[in-house]
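Only one chain is included here, represented as structure tokens and corresponding to the form predicted on its own.
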């Protein structure tokens, strides 16, 4: 097998010498493909001068910018392993990641450098800075470098990135993703979603997460398209950019925020051929409302840190609200309960196998053995069903299953009912400790703007439609559910907030 650098050859080498638009920025600036490649080359030369060798980790906690995207490209081009970190992580959390991954280099924002310098020093990582405006010590070093370089030879099975899981239960785990994991997934998605050189992707996602970095950026780069590269989701910027976009990838909150604005019309999105949603469940109501307003059916898909994308609703065909579609070409999916595959419609744990599945958890061989079978099947921890037509529906996380009085309650079933009731925008159902039942079903209701929630009416509707063991034994009404950066509801936070609801002494 001849050595090369598959990601560089597929995504970045074609940019060299192309005087075409690549990135459009919020301030109106445009970066051409060849200018981006020159930036990539300068950064790659800096990494080589800093002693970064194949297999070394380059940790990055910086704001989204063209320079940050080029740093990802430069890292994999020199054969190193890119390690993006959520910009919300504190120095205490960063201490764990650097201690676990032991990066050669740590790139941070100039404003956070004073707090992070001692952490980097503790773990032997050299510290450089890069701001959201593209300035800092890394940029200064890059300016003195030549805009050409020779990519370092790597194989498809070599590591390209380590992405840490969100760590909602226990310590975060570093998912090891190879060049082939990333490239195979990008190729499948580009083909399935019909991406090509004429596409302009509206990119308002963060690039420390698989959605924005690997799904959005890699697919666009692979197919020679352009990106409207926004620093984040700003409603005014997104509405201004939509008439120029042919595609948009987002999380469900992007779409709910657009729906709250009367400027979202068919005319506004008349140039856009495809809206994609992921990273958190898209409410069927959001899907329906978006179609009614725009004539566009959002395409929902399903992926995770360890696997990139696993399933997708079809480009042509029925995009069914509440489902995540079929397994991607080349990806096997099965639903397991009690050691065997379940029948259509029955609930079990989703397992997947394919070229997209990661190589294991960094420095955690026991966790790897627990979740990645020797024959390549990855136990996702997600509960799901598959209907007779092969559409997969995510019911929830196995760890979120509520076992009350010996009965299993799947939160999504209760949430779907609660979400449909007057005054309720959305809900989250969790299990809380209970002295009699072990766990009790507890519901947190986010009210619609300006609405009142009638709990007596809620309880009556639940009693009419659900078995008694599924009834919430308590409710809380809030203005909004807690979410992480990618829009996922933080049920661990809800369990912490309301954990003593049934066990605390009553006054």
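So that the term is clear: the rigid core is the largest set of C-alpha atoms that superpose within 1.5 Å between two forms. Positions refer to the first chain, counted from 1. From a predicted model like this one, the values you see are computed outputs, not experimental measurements.
One more form of this protein exists, namely the form predicted together with adenosine monophosphate (AMP); it is left out here, but the text below deals with it.
K.L.:
For residue 401, is any heavy atom within 4.5 Å of adenosine monophosphate (AMP) in the predicted complex, or not?
P.N.:
Result yes; residue 401 sits at the interface with adenosine monophosphate (AMP) in the predicted complex.
K.L.:
Does residue 281 reach adenosine monophosphate (AMP) in the predicted complex if we count a contact as any heavy atom within 4.5 Å?
P.N.:
Yes, residue 281 lies within 4.5 Å of adenosine monophosphate (AMP) in the predicted complex.
K.L.:
Test of understanding: in the predicted complex, would residue 304 fall inside 4.5 Å of adenosine monophosphate (AMP) by heavy atoms?
P.N.:
Judged by the heavy-atom cut-off of 4.5 Å, residue 304 is in contact with adenosine monophosphate (AMP) in the predicted complex.
K.L.:
Hey, in the predicted complex, does residue 320 get a heavy atom within 4.5 angstroms of adenosine monophosphate (AMP)?
P.N.:
It does not: once adenosine monophosphate (AMP) is placed as it appears in the predicted complex, residue 320 has no heavy atom within 4.5 Å of it.
K.L.:
Is it the case in the predicted complex that 44, 56 and 104 each bring at least one heavy atom within 4.5 Å of adenosine monophosphate (AMP)?
P.N.:
No, none of 44, 56 and 104 comes within 4.5 Å of adenosine monophosphate (AMP) in the predicted complex.
K.L.:
Go through 74-82, 108-116, 204-212, 122-130 and give me the stretch that gets within 4.5 Å of adenosine monophosphate (AMP) in the predicted complex, heavy atoms only.
P.N.:
Looking at the other structure, the answer is 204-212.
K.L.:
Among 271, 334, 257, 397, which has at least one heavy atom within 4.5 Å of adenosine monophosphate (AMP) in the predicted complex?
P.N.:
By the 4.5 Å criterion, the partner-contacting residue is 397.
K.L.:
Which of 137, 237, 408, 246 has a heavy atom within 4.5 Å of adenosine monophosphate (AMP) in the predicted complex?
P.N.:
Here the answer is residue option 408.
K.L.:
So which bits of 250-270 sit within 4.5 Å of adenosine monophosphate (AMP) in the predicted complex, heavy atoms only?
P.N.:
Stretch hits: zero.
K.L.:
Taking the rigid core as the reference frame, tell me whether residue 35 has a CA displacement of 2 angstroms or more between this form and the one not shown.
P.N.:
After core superposition, the displacement of the residue 35 C-alpha between this form and the one not shown stays below 2 Å, so no.
K.L.:
Taking the rigid core as the frame, does residue 56 move its C-alpha by 2 Å or more between this form and the one not shown?
P.N.:
Residue 56: C-alpha displaced by less than 2 Å between this form and the one not shown.
K.L.:
Quick one: in the predicted complex, is the Cα gap between residue 318 and residue 410 smaller or bigger than here? Answer closer or farther; it shifts by 3 Å or more.
P.N.:
Their C-alpha distance grows by at least 3 Å in the predicted complex.
K.L.:
So the Cα-Cα distance between residue 279 and residue 410 shifts by 3 Å or more in the predicted complex; is it shorter or longer than what we see here?
P.N.:
Compared with the form shown here, the C-alpha atoms of residue 279 and residue 410 sit closer together in the predicted complex, by 3 Å or more.
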